[in-house]
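One chain comes next, on its own, written as structure tokens: the form predicted on its own.
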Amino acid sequence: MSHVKFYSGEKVPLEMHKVRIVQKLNIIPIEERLEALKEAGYNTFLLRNRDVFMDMLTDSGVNAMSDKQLAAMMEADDSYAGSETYVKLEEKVQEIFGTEFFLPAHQGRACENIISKTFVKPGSIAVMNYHFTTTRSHIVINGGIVEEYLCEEGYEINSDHPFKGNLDIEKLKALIAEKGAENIAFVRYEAGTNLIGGQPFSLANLQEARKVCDEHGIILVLDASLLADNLYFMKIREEQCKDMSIREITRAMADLSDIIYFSARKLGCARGGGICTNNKEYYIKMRELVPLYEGFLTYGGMSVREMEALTVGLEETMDMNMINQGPLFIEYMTEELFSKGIPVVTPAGGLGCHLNAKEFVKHIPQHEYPAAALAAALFLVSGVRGMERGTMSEDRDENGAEKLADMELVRLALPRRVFTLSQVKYAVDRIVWLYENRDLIGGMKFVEEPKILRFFLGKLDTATDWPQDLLKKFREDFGDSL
């Protein structure tokens, strides 16, 4: 079931689960939220969770587990080597992806580290539909060059293109002709491209890339961390997938890939990660790095309890009524905002609803980090914590110059099976109010700026005292309300 139509005519996403365990939330007054923001250097990553009402920072590691996952955690085999828990996970990975070899890791970026250290050489090129922050950093640290060949539609904030995460195949062919296949480390596809609004790629596009890679002997790597969302969109948007089961689409994607890796903090609603392949040569090359960086080959830095939960979670990912929960609620939130004139990324993708900060606060120049300012302002007026996905998430170039992002987005992630519809409506209400008062929001500047992945730990300050002005307006309109 995808959604229900109410007698009133409203189309509403339907929760395909019931709540049996709850966790208390708290809304602190707006004055306290401002103090929390100042202490965190206006970086939502540095906020304490005790000060957050709705945590929409990410879906990574915060998706709700099922009752079967929690029960499975009690069956864990704690053996350091030869654990039965590992055997169950390995067999489930082999069953779903059809891959013979599996290497466990503590999370997705650990997989990126191993893959980059194995295949990236100084001067070699990694081609991808779009980068993720940690992926690019691992490649660059190992001397590689990242080339992003996202299709043209992917750069359009608003469109009706169903697969904005597609790779531009013609650009890939031109690069091979110019640089030579021997200088390409691998072609990487990211399912549910994170930094452009959780947009999927099509199975047809992956099939085209496979033909090119086969012709030139190039490795094709699939980042399957957001596989669940991509599977859902392939199923409902792509003609060749409509009569295929989720399991069949998964196997089709896996069969086209030489190496698959994933973060279980996203895929499987657990914590951990892994690398899968049918190529024994690749497996042996990567295998020696797992004990060095992660742990022994039968746990790879993962808790055995998380491994048990992951085994169940991977199986649950094959259920359409599980994987549709994120995209349906994201679609609802996106369409509600869009109908009220709020600038958002369309069509709705996976992972979360994405506000277009370039348009939302278009009076703030990019070098003053408009997406970061909008994320801070949203937390101030609502207690909702989102994530900056714009220029602040970029690093400066080798000369120290600012690299302006293609998009300035605020991601409002919707972890699976976590928030209710009334909470989503609350977030929508506060965003609408903030948009009506957007002229009060001002720019930001760094006061502490790490050289790498600065969006994680960097601290900002406001260019003016605009948060106080926003607070004052909030009190005028909402009175004593939190």
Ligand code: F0G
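Since this is a predicted model, take the numbers as computed values, not measurements. Don't overthink the numbering: it's just position in the shown sequence, from 1.
Note that the form predicted together with the named molecule isn't included here; everything after this is about it.
- Although the partner is absent from this view, S225 contacts the named molecule in the predicted bound form, with a non-hydrogen atom inside 4.5 angstroms.
- At a distance threshold of 4.5 angstroms between non-hydrogen atoms, Q366 is out of contact with the named molecule in the predicted bound form.
- Using a 4.5 angstroms threshold between heavy atoms, G108 counts as touching the named molecule in the predicted bound form.
- At least one heavy atom of R265 is located within 4.5 Å of the named molecule in the predicted bound form.
- Of the residues given (F119, Y332, F132, Y86), F132 alone sits with a heavy atom within 4.5 Å of the named molecule in the predicted bound form.
- The partner is absent here, but in the predicted bound form a heavy atom of M387, alone among M392, I342, V312, M387, sits within 4.5 Å of the named molecule.
- The stretch that touches the named molecule in the predicted bound form, counting heavy atoms within 4.5 Å, is 55-63, out of 417-425, 26-34, 432-440, 55-63.
- Contact check for E90, E294 and T298: none of the three has a heavy atom within 4.5 Å of the named molecule in the predicted bound form.
- Taking the named molecule as it sits in the predicted bound form, the stretch 179-213 comes within 4.5 angstroms of it through a non-hydrogen atom at R188, E190, N194.
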